[in-house]
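Only one chain is shown below, in structure tokens, and it's the form predicted on its own.
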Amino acid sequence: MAFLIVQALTGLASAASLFLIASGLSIIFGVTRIVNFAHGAFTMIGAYLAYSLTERLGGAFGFWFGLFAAAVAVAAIGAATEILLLRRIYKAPELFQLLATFGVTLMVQDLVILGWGPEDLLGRRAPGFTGAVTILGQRVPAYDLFLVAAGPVVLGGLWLLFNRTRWGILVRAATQDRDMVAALGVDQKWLFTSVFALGVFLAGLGGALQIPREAVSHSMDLRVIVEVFVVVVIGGLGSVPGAFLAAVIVSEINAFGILIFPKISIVVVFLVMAVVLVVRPFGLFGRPEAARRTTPGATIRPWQPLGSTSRIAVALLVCALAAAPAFAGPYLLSVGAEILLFVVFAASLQFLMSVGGLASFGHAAYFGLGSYGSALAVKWLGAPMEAAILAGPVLAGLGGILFGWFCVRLSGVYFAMLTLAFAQIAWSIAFQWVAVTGGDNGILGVWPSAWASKPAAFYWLSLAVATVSVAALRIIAFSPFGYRLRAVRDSTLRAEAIGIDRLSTQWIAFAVAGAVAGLAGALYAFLKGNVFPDALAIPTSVDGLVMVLLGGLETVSGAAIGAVAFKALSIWLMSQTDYSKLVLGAIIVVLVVFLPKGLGGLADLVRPAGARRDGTSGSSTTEAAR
């Protein structure tokens, strides 16, 4: 019993800092509707600044002042980010704000290495809380007890702020209906800035308070943001009390999960998240989402199938790509094959997002399931490449059918978060089911057949699959089913009024997108010769989102352009500099600010005004993207 109590106290101590970070993200989303992917980066900055300040200032006062000063500095950085970057793109599609914060995250990851080096840093013990307290014969760190007490104190302070101040009342009103708040004459710009500053202040403080408990590392941002997303979604987006309760639940699951479910400890948290979303779609204390500002179908120029000129241009482009082995070496052909497979992956996600209006944050699940499907067919069944490639999209399609049945019952950010939960469940299974998947050692020796073993042959295979896949998705987009899917995307009520069933239509689209992503994953396994859990991880899902958004969310096939640009630039930068993330993040931020429609909409900026109105005189490249 004593051990269980101590374990519970350890979980509560972790919950305190997790609540601080999660409450900040929840407040930011509640008012600005920004899914702030950089929230983990702000937490990391707070931890690094706190380490430097506490080491430099020294003494008890220097330590505690350093923690607070680090959080204030992070708030200032956050306010500057909101004013200089996010304020410029509030009118852009909401997912572009996610892309902008992802670019900031990439930049911060390299900036902290530049400033503090790649080594983990361990902060000094908190003055006044360096010892331990004996509870039922068990030693509990005094600092853990301090954090246990700090959590409710911060919750009470936030309650007073939001319920006893005019600013807090405005924030709560904006959380429920920010358009009405603007209509009443409230300056939304400064309200958004102050809310963003408070949110990142809490993130910085949460990171700073962790330095006596754990080492500061340049990879902590991704770990933090995953847990925070789980907490915010379980508690309900925009709800501070919900974030507190969810932080306690998640932290206690982490504390006891390793004891009760050692083989599936990583899965449990995401299972809880998925169950909560299925049973209570808006979280424990969340509210239904307000109507979106716009829908893709209401803002984009009507799509049209390719004209004869564009078809000829695309055919010539494919022929030119097919001729690449005549002058490219094995390395370039391998890179080209990888890019082509990510074109397929990105195109499948764009079909789901642009045609279906369903923003998935966990599309890597189906890419990874395709990779594992083909690899397991080779390892356990001894199947040749030709048969194993078919196993990939079959397994991914089944995953899409299973996960999609639950996901399509939600909408908006809750749909996105449920897709993330299922992706993390799939990743956790691949990581912990060592007997079947090999765990983090992966599955090795997944080699192509003899006829496809040469780089040129595999490149041609990848080009053929990419061409057929993108063409097939375009055909579906302009088929009767595609029109039904777009009708549901643009207006669910009108679509259902004319007899279109939303759930079945979106469910089929989800399964199709999953199967196509699985096809890309199956070929990717043979290209690399191995499969690791990273194929299902969050970074792969984020890469897919970046490709779609860079290519243009308002296009049919712009993701092909985005995939080529993103992957080629990533690979080239990694070969040229040790700080490729810094450069890539800066490029993403610049593109988001100056090209809010993505690369696929670049020609709209140079097309004559009259042509923009009537939709004529577009370049064949842009028409092909659309």
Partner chain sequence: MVLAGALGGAFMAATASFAAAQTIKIGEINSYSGLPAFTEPYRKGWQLAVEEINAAGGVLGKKFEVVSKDDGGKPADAVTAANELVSSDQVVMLTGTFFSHIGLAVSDFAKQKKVLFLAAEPLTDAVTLAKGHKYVLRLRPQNYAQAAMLAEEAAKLPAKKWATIAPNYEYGQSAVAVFKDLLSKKRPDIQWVAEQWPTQGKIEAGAVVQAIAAAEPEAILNVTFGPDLVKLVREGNTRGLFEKRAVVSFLTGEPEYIDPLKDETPAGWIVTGYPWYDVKMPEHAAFLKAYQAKYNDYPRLGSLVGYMTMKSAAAIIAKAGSTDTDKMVAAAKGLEVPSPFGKIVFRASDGQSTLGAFVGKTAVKDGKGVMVDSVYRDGAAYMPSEDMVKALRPAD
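Positions refer to the first chain, counted from 1. Treat the numbers as computed from the prediction; the structure is a model and nothing was measured.
Although it is not shown, the form predicted together with the partner chain is what the next lines describe.
The partner is absent here; in the model of the complex, the one residue of 173, 160, 444, 186 having a heavy atom within 4.5 Å of the partner chain is 444.
Out of the listed residues 480, 382, 539, 499, 539 is the one that sits within 4.5 Å of the partner chain in the model of the complex by at least one heavy atom.
Stretch 568 to 576 is the contacting one of 37 to 45, 23 to 31, 65 to 73, 568 to 576, since its residues have non-hydrogen atoms within 4.5 Å of the partner chain in the model of the complex. Taking the partner from the other structure, the partner chain in the model of the complex has no heavy atom within 4.5 Å of any heavy atom of residue 165. Although the partner is absent here, residue 411 is not a contact residue: none of its heavy atoms lies within 4.5 angstroms of the partner chain in the model of the complex. Residue contact with the partner chain in the model of the complex: residue 196 places no heavy atom within 4.5 Å of it. Under a 4.5 angstroms non-hydrogen atom cutoff, the partner chain in the model of the complex has residue 327 among its neighbouring residues. For the three marked residues, 237, 308 and 506, no heavy atom of any sits within 4.5 Å of the partner chain in the model of the complex.
Taking the partner chain as it sits in the model of the complex, the stretch 117 to 139 comes within 4.5 angstroms of it through a non-hydrogen atom at 118, 119, 120, 122, 123, 124, 125, 130, 131, 132, 138, 139.
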